[in-house]
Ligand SMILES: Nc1ncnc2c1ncn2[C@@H]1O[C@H](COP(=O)(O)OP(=O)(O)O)[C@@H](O)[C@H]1O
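There is one chain below, alone, in structure tokens, taken in the form predicted alone.
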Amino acid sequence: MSPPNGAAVRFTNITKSFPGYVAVQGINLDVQAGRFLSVVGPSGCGKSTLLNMAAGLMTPTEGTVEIFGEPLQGINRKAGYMFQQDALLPWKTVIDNILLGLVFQGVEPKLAEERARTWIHRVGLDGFADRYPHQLSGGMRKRVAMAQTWIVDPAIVFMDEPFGALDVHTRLRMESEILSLWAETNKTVMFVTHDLEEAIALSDEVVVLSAGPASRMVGRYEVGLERPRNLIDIKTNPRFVEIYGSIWRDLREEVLKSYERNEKA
């Protein structure tokens, strides 16, 4: 599915407050359709809060969220969400977990199963359709979660540190697979991570949030690395080193502020 032109997600003067605490304040950000944008920042800076407001899981205290030019009201039905912890149902098999979204959409059972088996093959889980989540490795569970997210064909995919708990080799494989899926489908991806190297390797753009509370946007960077990308060797690319240094100058300052505030707390 080709994405519409313009902004898939638009935050306008977004502030989110909780009792006694302001998470993010005055955020203005457009995520262009078909782009892969990552959000980085110190722990507790509101990265996930921003993602949750775009998904319709939280309502801004001030400001507006628009999805393809329309004000967001309730859950974002044009988006899929891949969480840090997978949401697989332990009593359902791999195939039943993958086709669950199609069931909710009312897709005819035979067609839903056919599509689920196509995705099982696509994410490299042939032979595991009848396994249960507890019988899978961490990387395999992530593959199921990927298929579960993509099979319903969302226009936007939100990803909240989905690979943070994986070992470095499995993580690299999963990142490569996400890029392959994204390249094939032209979906808009908004990706939250604490890992700056991961953000640069995957993204078209990287946004930096300040230390909280009342986190704000302090930088936005065009990555400019050619695609397709070889993630194994990308860190030796001079452009990668250059953009990492540029972003880290902003991010380092915010990380140090976060440390100082935590020590005083």
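Numbering starts at 1 and follows the sequence shown. Just so it is clear, the structure is predicted and the values come from calculations on it, not from any experiment.
What comes next is about the form predicted together with the named molecule, which does not appear here.
- Contact check for residue 199: no non-hydrogen atom falls within 4.5 Å of the named molecule in the predicted bound form.
- The closest heavy atom approach of residue 247 to the named molecule in the predicted bound form falls outside 4.5 Å.
- Of the heavy atoms in residue 231, none are within 4.5 Å of the named molecule in the predicted bound form.
- A residue is said to contact a partner when one of its heavy atoms sits within 4.5 Å of a partner heavy atom; residue 64 fails this definition for the named molecule in the predicted bound form, lying far away.
- Heavy atoms within 4.5 Å of the named molecule in the predicted bound form belong, among the stretches 25-33, 44-52, 219-227, 66-74, to residues of 44-52.
- In the predicted bound form, every residue of the candidate spot (18, 21 and 58) has a heavy atom lying within 4.5 Å of the named molecule.
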